[in-house]
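Before any questions on binding or motion, here is one chain by itself as structure tokens, the form predicted on its own.
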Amino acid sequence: MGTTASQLGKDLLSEYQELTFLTKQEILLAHKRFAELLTKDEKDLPNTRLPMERILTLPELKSNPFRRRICLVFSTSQHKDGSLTFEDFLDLLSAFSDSATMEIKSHYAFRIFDFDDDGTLDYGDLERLVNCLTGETDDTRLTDEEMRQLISNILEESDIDKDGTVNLSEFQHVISRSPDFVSSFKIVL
């Protein structure tokens, strides 16, 4: 399914349309934006992998507090370095598109928030999540007591089986009661 960055054939374009929630125009724009991040030498190579640092220069990701986690979750790199191929980039944009289902969006949101990749959101994940959302400056950081209380409230609301963590099913249950989630979980190029 790979291609050089300088061209995108009709067959491949159709295949990408079938495999993603993206329109033809969105795929072509994604291809253009991805290609703009490539060096001259990389443009002629098949399946070029862009380093996370270059992906993070995109304005659409630059201000997202979860930008690094987003790259890590969508990267297929064996090195777990957050680098993205064009197909990884399409997967990312597809999951964040307006057309993606609630199930897809909540699955990826859960993976992004699961900082230790253990399949649950535990106290440490929730603490990092809150810190990403509030910022980690002295002015915005919660006190230890405020953090404990907030995480206790989150678990009280979300941890249905009372095991001290939030699993994917519990997370999806909470998200299903949040009408703004689908419209706010998006990245548009």
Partner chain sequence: MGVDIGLEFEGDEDEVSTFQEEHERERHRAKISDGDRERRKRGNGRRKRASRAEEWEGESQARPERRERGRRKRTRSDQEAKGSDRDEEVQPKTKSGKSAKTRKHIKNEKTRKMEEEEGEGEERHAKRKKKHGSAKKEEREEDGGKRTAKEKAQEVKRKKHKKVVETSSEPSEEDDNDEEDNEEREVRPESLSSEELEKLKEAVDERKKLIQTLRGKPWPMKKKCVTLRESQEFVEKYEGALGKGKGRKLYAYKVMMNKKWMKFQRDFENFKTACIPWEMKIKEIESHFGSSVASYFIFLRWMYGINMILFCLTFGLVMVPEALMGRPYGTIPRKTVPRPEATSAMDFAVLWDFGGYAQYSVLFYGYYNNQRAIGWLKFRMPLSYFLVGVGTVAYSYMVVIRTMARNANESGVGDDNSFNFNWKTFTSWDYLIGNPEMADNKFASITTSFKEAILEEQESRKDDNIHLTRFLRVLANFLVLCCLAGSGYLIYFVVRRSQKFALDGLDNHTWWERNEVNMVMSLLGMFCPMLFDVISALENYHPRVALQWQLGRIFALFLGNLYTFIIALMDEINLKREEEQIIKFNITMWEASLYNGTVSVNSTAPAITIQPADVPRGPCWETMVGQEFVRLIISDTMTTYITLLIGDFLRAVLVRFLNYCWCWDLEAGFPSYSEFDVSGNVLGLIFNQGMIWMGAFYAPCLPALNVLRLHVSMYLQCWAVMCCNVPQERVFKASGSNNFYMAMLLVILFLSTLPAIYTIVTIPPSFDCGPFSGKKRMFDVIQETLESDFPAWFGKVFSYASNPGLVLPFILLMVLAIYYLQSTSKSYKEANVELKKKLQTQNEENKKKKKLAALKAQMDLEEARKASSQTAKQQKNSNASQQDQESDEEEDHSSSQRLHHGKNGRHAPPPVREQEGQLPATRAPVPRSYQHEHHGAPGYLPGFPRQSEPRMHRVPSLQRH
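Positions refer to the first chain, counted from 1. Nothing here was measured: the structure is a model prediction, and the numbers come from that model.
As for the form predicted together with the partner chain, it is not shown, yet the points below apply to it.
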With the partner left out of view, is residue 123 within 4.5 angstroms of the partner chain in the predicted bound form by any non-hydrogen atom? no
Does residue 9 reach the partner chain in the predicted bound form, with heavy atoms at most 4.5 Å apart? no
Is there a heavy atom of residue 28 lying 4.5 Å or less from a heavy atom of the partner chain in the predicted bound form? no
Looking at the partner-bound form in the predicted bound form, is residue 153 within 4.5 Å of the partner chain by any heavy atom? yes
Is any part of 17-42 within 4.5 angstroms of the partner chain in the predicted bound form by a non-hydrogen atom, and which residues would that be? 17, 18, 19, 20, 21, 23, 24, 25, 26, 29
